[in-house]
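This document opens with one chain alone, in C-alpha cells, the form predicted alone.
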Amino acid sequence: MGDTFPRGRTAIAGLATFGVGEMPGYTSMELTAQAALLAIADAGLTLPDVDALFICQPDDFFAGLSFAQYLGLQPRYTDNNRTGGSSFMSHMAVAAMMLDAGYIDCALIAYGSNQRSNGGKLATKITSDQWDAPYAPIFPLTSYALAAARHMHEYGTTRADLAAVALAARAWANTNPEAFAKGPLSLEDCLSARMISTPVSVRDCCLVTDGAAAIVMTRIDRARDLARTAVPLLGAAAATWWNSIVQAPDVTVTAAKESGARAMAMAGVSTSDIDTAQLYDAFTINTILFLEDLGFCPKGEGGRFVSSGAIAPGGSLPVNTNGGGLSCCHPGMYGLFAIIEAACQIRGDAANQLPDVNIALAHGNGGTLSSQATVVLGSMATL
C-alpha cells in the first residue's frame, strides 16, 4: 500500500485563511475566493497557473462549477467531493495522485462559509434518514452524544475528561490572534454548562463561525522553487464505515482506525514520529475517539490521556494548536483549517509555533463520525 502513494512527490506550496470569526457582507463563495487568491499569492503563483479545483461548499450543490466560474477559470479537472469535514483530506489524496501522474499541474483546494453571519446554527433535525427521523434526534449532536455516552459507560470516561479537551483548545486559542473564542474557561464552566443532548453540553460543541481556507498543491520539484517553504505530503487515506451512527457495530470505534493506519504506513511513520496532531474536534468526544483510533493511546484511555494535560500547551502531544473547532473556528466544516495549521507548524509560521516540527498529522471527520480521512505532512528534511 505504501508503495502506491507518491510519498513526498507533491507538496503544499501556498496556504491562507480569510474572514475567520465574523465576516458579515460576504457570501460563502466570496469568502472562499478571497482565501483562494491569498493562497495562490502565498505560493508566488498566479490564478492562470491553477488547472484543477477541489471544493466542498456547505450551500452549493454545484460548488465546483460555481467556483470555476467565479474565478474565471476553465480547469482541466473539478472535484466537489461531499463527505463533510473530511472532504479536504480526500481532496489532497486525489490531487497528489493526479499531480504525480502529470494529469494536472497545480491544484487549488478551497472552502468557505458565512454560517455565522448568515444566521446558521449547529443543530438541525434529521430528515434524510427514514430510520433515525422518527426518534427526532438533534443532528448532528445526538449522534455524538450517543458515542460519548457509550464511551463513558464502557471505559469510565467522565464529563471532566470531555471538558479537558475544551480547556486545552481554549488554552491554545488564547495565544492565537486569529482564534474566535478567547478568555477564561474553567472546569466548572464546562461542568455547569447547559446540556443539549446528554452528555454533550454547550461547552462540548464546536463554534459556529464564518471563515474560509485554501491550499495550493504542486509537484515537489516545482514547489521547492516557489515563494514559500514547501510542505510535502507523505501519506493520505480515507475510510467510510457508515453514514448514520446507528449502523455502527461499535459507536466507540471510528474509521479513523483504518484511515490513520494507512496514511501513516504510506508516510513510513508511526505515532511516536508525529510532532503535532490537528484533529477535527466538532465535539469534545471527537478528540478522545480519534486519539485512540489513530493510535496515540489505547482504546478506552483517551479520557485519561487528555485529562493528564498531554494535548494542552506544554503537553507531550500538542493537539489543535490553533484552538481547533472548539475555540479557533468552525465555519460549517473544519477539515481544511486542520490541514493549514499542520502545514503552518511545519513551515514555522504558526501562531503557537512549536519547536522542530518535522511531521504533522491532520485528521478530518465528516457526517456523524461517518467519513474519516487522515493526511501526514512532513518537512523537506523528511524526504
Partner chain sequence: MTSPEAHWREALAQGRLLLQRAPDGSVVFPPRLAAPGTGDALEWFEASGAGSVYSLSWIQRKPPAPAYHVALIDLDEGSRLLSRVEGVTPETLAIGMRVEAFVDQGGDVPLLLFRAVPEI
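For clarity, every value in this text was computed on a predicted model and none was experimentally measured. Positions refer to the first chain, counted from 1.
Unshown form predicted together with its partner chain; subsequent notes refer to it.
Q: Pick from 268 to 276, 112 to 120, 143 to 151, 177 to 185: which stretch has a heavy atom within 4.5 Å of its partner chain in the model of the complex?
A: Selected range: 143 to 151.
Q: Which residue among Ala237, Val251, Met98, Ala164 has a heavy atom within 4.5 angstroms of its partner chain in the model of the complex?
A: None of the other options qualify; the answer is Val251.
Q: Only one of Ala227, Val202, Ala136, Leu191 comes within 4.5 Å of its partner chain in the model of the complex by heavy atoms, so just point that one out.
A: Checking each option against its partner chain in the model of the complex, the one that comes within 4.5 Å is Ala136.
Q: Between its partner chain and Met195, Thr198 and Gln247, in the model of the complex, does every residue show a non-hydrogen atom at 4.5 Å or closer?
A: All of them do, each having a heavy atom within 4.5 Å of the partner.
Q: Residue-level contact is defined here as any heavy atom of the residue lying within 4.5 Å of its partner chain in the model of the complex; does Tyr103 satisfy this criterion?
A: Tyr103: no contact with its partner chain in the model of the complex.
Q: Report whether the minimum heavy atom distance between Asp132 and its partner chain in the model of the complex is within 4.5 Å.
A: The answer is yes: Asp132 has a heavy atom within 4.5 Å of its partner chain.
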